[in-house]
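A single chain comes next, written as structure tokens; it is the form predicted alone.
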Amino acid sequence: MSRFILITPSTEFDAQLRQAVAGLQGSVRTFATDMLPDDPQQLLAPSPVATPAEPAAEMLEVVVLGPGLRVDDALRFATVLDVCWPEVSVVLVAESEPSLVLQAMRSGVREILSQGSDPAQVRVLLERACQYHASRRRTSAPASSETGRGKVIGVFSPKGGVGKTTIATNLAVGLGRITPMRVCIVDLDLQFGDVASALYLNPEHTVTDAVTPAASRDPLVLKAFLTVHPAGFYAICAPDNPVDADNITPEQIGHLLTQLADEFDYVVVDTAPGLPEVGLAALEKCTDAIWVSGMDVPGARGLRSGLGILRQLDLLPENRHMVLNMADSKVGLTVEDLESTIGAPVDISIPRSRAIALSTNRGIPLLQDQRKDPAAKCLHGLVQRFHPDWHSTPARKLHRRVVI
């Protein structure tokens, strides 16, 4: 086992690092390559990280990402490495610029080393990295295993433009208050998803990264591709390029939702309009389905037809929640009319609100803004249907309509 691992195509820097390490205990193992894999295990497998249960002559303490590597690839590799083996220090060889320092810090890089540093400076930096490794090993403890599986809540509608994303993002905000950092929202409108825009996020990673082989094999790698929202939950946003959606299969989505349900208390899934294959794959994994309809006859009829088809295919989740969005008594229809057309009672009726339109344009969900508005009250009522205490509610109250 080597104490230091160096990844670089530069033979000159290899010699420079070995000269510096000559003053320290431990050996160096060099990978002469300028290509970094998505999964660090592909490089580190021949020399796995030693553990107290499996002692070795030397324990891996520092990984040096040397010159000749693309900076973006190096930062991505450091992120995954930091999640998989947080006790290992990562050193990046690059010129220290303010913007790079911030990116490196977020990626888990412990030190930035200039290529022109003399051996004495390199040795001091490596000693500091080793000290960090020792402190992390002393304070690290095995994670407690979680029992049970979280709820997977899908938001569906056969028709677009009914406010699925608005409902999904506000639901994530509300659930994030119940269980902070134990909620993840997934945008499965893979071609034209708006979750990132609705939450004012600029994600570095998307669903495309979350379904890679490395992420699908290891939940810790998957967590490296999640985007943190200030309201206390995680997000997996749709791909930036709609063409990437063609490379994502329903099987990958099903596996992704299973992984997330094992790691989080709530997984909120915002789906594309209609019933595409990816949406059906998500529906099979859902414990709860929120069906959204606008206050129009075509949309209600489409929802009734869709529910009928899914009922025949036996794909309806056990728990369903019917939401009427943008309710307006001035359009010539009543809630009772919509219930009659859909063939099911409406559980939550959200009134048309300019506050929702404003929050959408600002990228701040209404429940995050904590604005007092009738629509916010109804959205809060929807969140409460997934509160752990809700299970104690008598069954006769499960589908009581909220009257505005």
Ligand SMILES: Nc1ncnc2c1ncn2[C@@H]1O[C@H](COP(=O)(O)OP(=O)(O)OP(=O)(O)O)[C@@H](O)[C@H]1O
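All residue numbers are counted from 1 along the displayed sequence. Just so we're clear, the structure is a prediction, and the values are computed from it rather than from any experiment.
Omitted from view is the form predicted together with this ligand, to which the following refers.
The candidate spot formed by Val162, Arg352 and Ile356 is fully in contact with this ligand in the predicted bound form: every one of the three has a heavy atom within 4.5 Å.
A single residue from the set Leu75, Met326, Cys130, Leu283 has any heavy atom within 4.5 angstroms of this ligand in the predicted bound form; that residue is Met326. A heavy atom within 4.5 Å of this ligand in the predicted bound form is found for exactly one of Asp288, Asp296, Asp194, Asp209: Asp194. Taking the partner from elsewhere, Asp265 is found to have every heavy atom lying beyond 4.5 Å of this ligand in the predicted bound form.
Of the heavy atoms in Pro273, some are within 4.5 Å of this ligand in the predicted bound form. Taking the partner from elsewhere, Thr166 is found to have a heavy atom lying within 4.5 Å of this ligand in the predicted bound form. Using a 4.5 angstroms threshold between heavy atoms, Thr360 counts as touching this ligand in the predicted bound form. You can rule out all but one of 100-108, 154-162, 229-237, 310-318: in the predicted bound form, only 154-162 has residues with a heavy atom within 4.5 Å of this ligand.
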